[in-house]
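Next comes just one chain, in structure tokens: the form predicted on its own.
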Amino acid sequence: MSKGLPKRSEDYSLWYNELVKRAGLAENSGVRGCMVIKPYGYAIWEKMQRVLDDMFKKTGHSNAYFPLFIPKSMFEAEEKNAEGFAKECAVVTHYRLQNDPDNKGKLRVDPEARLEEELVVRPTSEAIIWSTYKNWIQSYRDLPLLINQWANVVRWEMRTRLFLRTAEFLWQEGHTAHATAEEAVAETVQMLNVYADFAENYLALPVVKGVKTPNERFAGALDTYCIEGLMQDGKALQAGTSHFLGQNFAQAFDVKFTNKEGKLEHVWGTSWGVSTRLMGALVMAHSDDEGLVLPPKLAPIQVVFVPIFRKDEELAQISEKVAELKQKLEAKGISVKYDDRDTERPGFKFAEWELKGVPVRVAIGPRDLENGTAEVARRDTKEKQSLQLEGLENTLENLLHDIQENIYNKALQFRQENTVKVDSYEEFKRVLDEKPGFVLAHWDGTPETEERIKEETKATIRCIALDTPEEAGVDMVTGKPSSRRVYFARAY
């Protein structure tokens, strides 16, 4: 616990990196572009997985697992998808090493062991999964097919940032097949809503639900739906995507079914995913200059008890009381840590648990025991109050609920304060530089205008929001007519 974290206002990027490392979430590894997710960080990811996995199962999906390697010929079958990912593919060309005759004790790739066909390390699994679905689907009775996979994927990156962009990352990818376009679109929208529900009710992150422009669409999709969140530096972060694939993959891999009338048809597809980027969103949306601020629903430790004592017998009395409270809290499904280390002073412990974002800290000393009270501090507002030990488990349960809501409301207020409507290109540029956030502006619907704005301002169209009202206007760059405003922002 050396000197404090860098300040967000001074160097947001450095603050983020240092916080991720110091709070024990992740660190850079001995492999360029790849990270090590540390136990505390992985515990948060596991909580995310559990919640999402339950949501997927409630909506009728099952988990399966498909190969990491995809033969190049299979990968290139759906051309748009292959082209979209080609530049970031890692490729396996050989299957054996041998002793290097010129360097004692070293190995080299065996030149004789070249693969007949190269294998792509999956950047996404549509190709391998759709080639499998060809064997699984014959009739309308086999549909819908609703599968999810939890896996790692590789997209070669050199400019990396922990959780936000690494060559290898963890994610889930859902891949479904349907008898009709309507059913596939309904699935795409349903999963977008599942992601939005997760973001708002667990991550405590308000999100804008929308559709991507053709320029920003997933390679091989007819439509990409997304959720976009706003981080504290005014940059947007895409927190999840759901794609309506039409029949593109079914045609590329010849996945057909006999419909109720006995006719052969191609199936309709979707795919949808969220990744460990959500960890980045969690850190950037809520944390402060003292450390992480975790929404209670995703905090590995929700309540930490710190004993304040001088003598061993004092510690014994405090420990007895804490054990009793711990049992009551755990019975309510609340995770508790008792930090009775005798190697660190209370002040050090307070700072450490603050850095790690534990929602509630309870300090108990001998005088508290006599008075039947405890000092309770909440992480989100840093408020402290003296509360009765009697019924403390109920008080803390309610407090955790309040903290979850407060973290969400604070983020929502931030988004409202940093969402601006603009009508001129000059104002657009000024707002992006002076008060970054979501900018609502008219767009003429052409990729050329979108590309020009991106080149000149580094801002992209984050989405065409699903709840945006129709509103006649003119494009701020070209003056051409526009029927609604879209969300622009600089983004991660």
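Note that residue numbering begins at 1 and tracks the sequence as displayed. Just so we're clear, the structure is a prediction, and the values are computed from it rather than from any experiment.
One more form of this protein should be noted, the form predicted in complex with a further copy of the same chain, which is absent from this view; the next part is about it.
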**Prompt:** With the partner absent here, would 71, 82 and 87 each sit within 4.5 Å of a further copy of the same chain in the predicted complex, counting heavy atoms only?
**Reply:** yes
**Request:** Using heavy atoms only and a 4.5 Å cut-off, determine which of 96, 161, 235, 401 is in contact with a further copy of the same chain in the predicted complex.
**Result:** 96
**Request:** State the residue from 412, 107, 316, 351 whose non-hydrogen atoms include one within 4.5 Å of a further copy of the same chain in the predicted complex.
**Result:** 107
**Request:** Evaluate residue 464 for contact with a further copy of the same chain in the predicted complex, applying a 4.5 angstroms cut-off between non-hydrogen atoms, and reply yes or no.
**Result:** no
**Request:** Find out whether any non-hydrogen atom of residue 132 is located within 4.5 angstroms of a further copy of the same chain in the predicted complex, and reply yes or no.
**Result:** yes
**Item:** Residue contact check: residue 53 to a further copy of the same chain in the predicted complex, 4.5 Å heavy atom
**Value:** yes
**Request:** Considering only heavy atoms, tell me if residue 454 and a further copy of the same chain come within 4.5 Å of each other in the predicted complex.
**Result:** no
**Item:** Contact stretch among 420-428, 23-31, 440-448, 454-462 - heavy atom within 4.5 Å of a further copy of the same chain in the predicted complex
**Value:** 23-31
**Prompt:** Listed by sequence position, which residues of 110-145 have a non-hydrogen atom within 4.5 angstroms of a further copy of the same chain in the predicted complex?
**Reply:** 115, 118, 119, 120, 121, 122, 128, 132, 136
